[in-house]
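Take a look at this single chain, the form predicted on its own, given in structure tokens.
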């Protein structure tokens, strides 16, 4: 992650504090939030100070390490289990959160003495975060081959640096391609209702120096009809065993448009996003968020009402794109057809 020519990670454990980029303040201000207790870390995930599949997975891992550091010897196991459940309950859709918490919990439970368990928790959480960054860098190297010089790319929401510990998933191949000299242009949709495309992805691409244009969500079909989109690449919050993908609401519509116009549609995600215990997309739990996110837009001084205050709103945070609409899934070990994903996971 390059901000002002300086490298950052989205989230880190510093002593017993978890430090994260405060994503709700972007693009107006680049600030950090520090949490001193796992309950504060859980709140940061819930209120979306930190968001994105890999980033909340690492934050959950660090949050559980934080809980282990602060748990009493007398009730160590009980307090750690409560923290694990509390962190898991923050957001129901992203598989990385559950996987990150499970990884650290297993390390804690492998030690009988609280002092050793605390050390194991910190080491496991850091290992998880480092692996997330390496996986995303590898996704970039594999995925870059999909984007030749002059390619025009559409993406959705934010699956870049901010959504993972570093590099990102959907944007990582674009960063790699850009850094080796390929000229790309990215169409960034605003991604209502929270505007992650407008507020985060456009900001990221600007920091990296990647050519891009911000568009309203409803513009992309017209661009495709004008042959101005060559590829689509998005991230994922959970991938089912059959290759169905849950991602930010609006991804399904984008996939349908891409299919109708004969445009390759790719999903980029590390294996930690894959859920082999979920047979198909209908079984993925879909988070529903506050109606106020639809009624309001986030400004530099807080939310601004942009709709009738009396209107009811429905605000699912994610939708499911069927495997049949997906050209390929880019992972840290290669690019796979959705129908072959389960076979690849076992190899």
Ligand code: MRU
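Predicted, not measured: the structure shown is a model, and the values here were computed from it. Residue numbers count along the first chain shown, from 1.
What comes next is about the form predicted in complex with the ligand, which does not appear here.
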Discussion item. Since the partner isn't included here, can you check whether the ligand sits close to all of 18, 37 and 118 in the model of the complex (heavy atom within 4.5 Å for each)?
Written reply: no
Discussion item. Would you classify residue 51 as touching the ligand in the model of the complex, given a 4.5 Å non-hydrogen atom cut-off?
Written reply: yes
Discussion item. Residue-level contact is defined here as any heavy atom of the residue lying within 4.5 Å of the ligand in the model of the complex; does residue 91 satisfy this criterion?
Written reply: yes
Discussion item. Whether residue 318 contacts the ligand in the model of the complex should be assessed with a 4.5 Å heavy atom distance threshold; does it?
Written reply: yes
Discussion item. Whether residue 172 contacts the ligand in the model of the complex should be assessed with a 4.5 Å heavy atom distance threshold; does it?
Written reply: no
Practice prompt. Counting only non-hydrogen atoms, choose the one of 180-188, 228-236, 104-112, 256-264 that falls within 4.5 Å of the ligand in the model of the complex.
Written response: 228-236
Fill in: Contact residue in the model of the complex, from 139, 87, 157, 240 (heavy atom within 4.5 Å of the ligand)
157
Fill in: in the model of the complex: members of 191-224 within 4.5 Å of the ligand, any heavy atom
196
